[in-house]
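Before any questions on binding or motion, here is one chain by itself as structure tokens, the form predicted alone.
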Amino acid sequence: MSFVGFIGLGLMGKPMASRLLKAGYEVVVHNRSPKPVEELVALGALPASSPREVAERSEFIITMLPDNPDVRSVIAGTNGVIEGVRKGMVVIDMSTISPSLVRELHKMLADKDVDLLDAPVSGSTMAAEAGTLTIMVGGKQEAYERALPLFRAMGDKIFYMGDPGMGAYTKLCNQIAVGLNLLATCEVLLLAKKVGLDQQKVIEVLSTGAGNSWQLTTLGPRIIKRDFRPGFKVQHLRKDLRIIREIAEQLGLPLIGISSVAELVKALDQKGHGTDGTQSLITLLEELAGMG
């Protein structure tokens, strides 16, 4: 089986790397903090001391990192992936980053005859553990076909979206829907609580009709239970919405709804909820309503 490098072993990256191990791949792992590396090594992964070493020992390299600077540093920085790649390799960034950075890194790697695929994912930590992620891919179709078995080990809904950057743009579209549906879910439960409705019954009713969403049926019950453990962290949603607003400004798009959500999520982060799940947005709305 192929040697696959995996860099970035957070809430999503660690279970994704674990899925590759279960599929029979030799997985070379690196992470800024050592604990998830140790946990995966115990499952059969091979540790590497730097992104460069990961590249030197792998045929495919996957990165799953928090933000643009992290991806740029890991791929193009000192001792980075780009220093260890060889002709014909495929680098797959599965982070949520700016399409402009995707295209910049694509060009840098292409100069070394290496393909870059942007392949961000949609789905919770539970979906990563179950191998049921949605994966949206941009880049050369030939490289996509070569990487498809890896994607199938991590997800069950895989879409080729076109040229470099198109996977990243698709993920930003997804995050617009995520943000607006999150706000809708919180506002639904806020009203239900205020007037004395059974919040769980409200979720059951709305889930049968046009008002249904993943956020409502998955995060709604957690909100009712006051379970704010992260499947997706507030600080990561804040970053995604920042990128969307930057793109909207560049393209002259009036993304009014998501701009409102972005301000609320920023305030939530600044109040100390950055590492909580995004469903903790309800606490800010309750505070604004005098219901906290």
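Note that this is a predicted model, so its numbers are computed, not measured. One-based numbering along the sequence shown.
Separately, the form predicted together with a further copy of the same chain exists; it is not shown, and the next lines address it.
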Do E187 and a further copy of the same chain share at least one heavy atom pair within 4.5 Å in the predicted complex? yes
Can you work out whether G44 and a further copy of the same chain are in contact in the predicted complex, taking contact to mean some heavy atom pair no more than 4.5 Å apart? no
Does any heavy atom of K87 come within 4.5 Å of a heavy atom of a further copy of the same chain in the predicted complex? no
Heavy atoms within 4.5 Å of a further copy of the same chain in the predicted complex: does G231 have any? no
Candidate stretches 147-155, 76-84, 207-215, 90-98, one within 4.5 Å of a further copy of the same chain in the predicted complex by heavy atom: 207-215
Scan L109, A192, A127, A143 and let me know which has any heavy atom within 4.5 Å of a further copy of the same chain in the predicted complex. A192
Along 253-292, which positions have a non-hydrogen atom within 4.5 Å of a further copy of the same chain in the predicted complex? L253, P254, L255, I256, G257, I258, S260, L264, L285, L288, A289, M291
